[in-house]
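The chain below stands alone and is given in structure tokens; this is the form predicted on its own.
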Amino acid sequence: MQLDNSVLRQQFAQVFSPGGRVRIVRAPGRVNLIGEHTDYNDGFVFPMAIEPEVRIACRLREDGLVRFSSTMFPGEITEFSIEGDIDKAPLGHWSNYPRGVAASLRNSGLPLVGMDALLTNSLPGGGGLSSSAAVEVATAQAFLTLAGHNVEPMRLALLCQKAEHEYAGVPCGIMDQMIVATARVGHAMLFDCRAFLRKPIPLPSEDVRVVIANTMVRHDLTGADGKSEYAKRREQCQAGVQYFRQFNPDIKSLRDVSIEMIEQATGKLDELILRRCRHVVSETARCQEAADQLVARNFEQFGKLMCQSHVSLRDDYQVSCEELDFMAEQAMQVSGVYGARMTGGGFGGCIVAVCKPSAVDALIDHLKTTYKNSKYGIDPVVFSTSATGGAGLME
């Protein structure tokens, strides 16, 4: 869905009344090309900002009141004041994102103003393309624009991450907010999750295109013991760190473990823990090599690393599912596709594929047709995108 600022302005006037100076800000979604479940192990990730995005039309208020609405929830307006304590909405309510951002900005010492704000979104819901981070960063950009302030993008990302932790109750890493706030047009971003160092890597749209396919499924990640599969993976990684720390007390995370150490642990470390560690250690290495291959314009090798990543996520980390496996396998049947893999936390959501520009239409058609005609019988959302820039003011 292509967003239209004139339509957004009309919708804003219908919700909040016409008149006044209305500004429009945007923040993109993101996809991670490679480097999955490495962020909380101090590894590397390699995301890019994508064309689907969040936009907010906003207008200054003089009374310190914030009235926030979304086209996804017609008729619903959430209200709070920036001049008092900003209460949380019930857990899971969408308004915790703008509430949390306002609180995070104010608590950091940034003076805020009241506003009327209408949000619209072209990101597919539940697809793992970071609509939450896009909402957070766009909200922050709206507040800052109306207050006449600028904040360094990485600081803005950290403030939005804090908002998600404290108001949405999601202990997310920094990758999503980082790329949404700092992305560069035509580039992916190699990000060191330990040192917080960013390295933009060219992704020339004339040579390579990115296609994202949403399986439209999201499996329950809560086990019989009530503990999420995500939490279990984190605990298993930490168990691996404790094992390797016996031999080297300087090991702080799986970032400090080598593939040779993994091999030496075979038959000694619990097999399940070993497999989890092997994925993280090998994925961190793949992520760095993938960036090097992209710089060298070796798209074939970049694609092979993506495929290796999917196999590792499927077999060692066990966070894929049959729908993701089917999509990734089908993508590789199309001529001109370099590589494909699941992206995001797993157990549903999207795959990402990298291909020649001439292969885009064939790939989209093949994925839509085969997935619909398979036993799943679902119409998937499939689209191509180039690497876009980070959040900012549009008009």
Ligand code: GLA
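Just so you know, these numbers come straight off a predicted model, no measurement behind them. All residue numbers refer to positions in the sequence shown, first residue = 1.
One more form of this protein exists, namely the form predicted together with the named molecule; it is left out here, but the text below deals with it.
* **Option from 141-149, 203-211, 268-276, 175-183 whose residues, in the predicted bound form, bring a heavy atom within 4.5 Å of the named molecule** => Careful reading of the contacts points to 175-183.
* **Interface membership of Arg55, the named molecule in the predicted bound form, 4.5 Å heavy atom rule** => The answer is no: Arg55 has no heavy atom within 4.5 Å of the named molecule.
* Using the partner position in the predicted bound form, report whether Gly349 sits within 4.5 Å of the named molecule, counting heavy atoms only. => Gly349: no contact with the named molecule in the predicted bound form.
* To do: Give a yes/no on whether Gly344 approaches the named molecule to within 4.5 Å in the predicted bound form, heavy atoms considered.
  => Gly344: yes, in contact with the named molecule in the predicted bound form.
* Considering only heavy atoms, tell me if Phe326 and the named molecule come within 4.5 Å of each other in the predicted bound form. => It does not: once the named molecule is placed as it appears in the predicted bound form, Phe326 has no heavy atom within 4.5 Å of it.
* To do: Would you kindly say which of Phe299, Trp94, Tyr230, Phe244 lies with a heavy atom within 4.5 Å of the named molecule in the predicted bound form?
  => If I apply the 4.5 Å criterion carefully, the residue I get is Tyr230.
* Enumerate the residues of 16-30 that have a non-hydrogen atom within 4.5 Å of the named molecule in the predicted bound form, in sequence order, or give none. => Contacts from 16-30: just Arg30.
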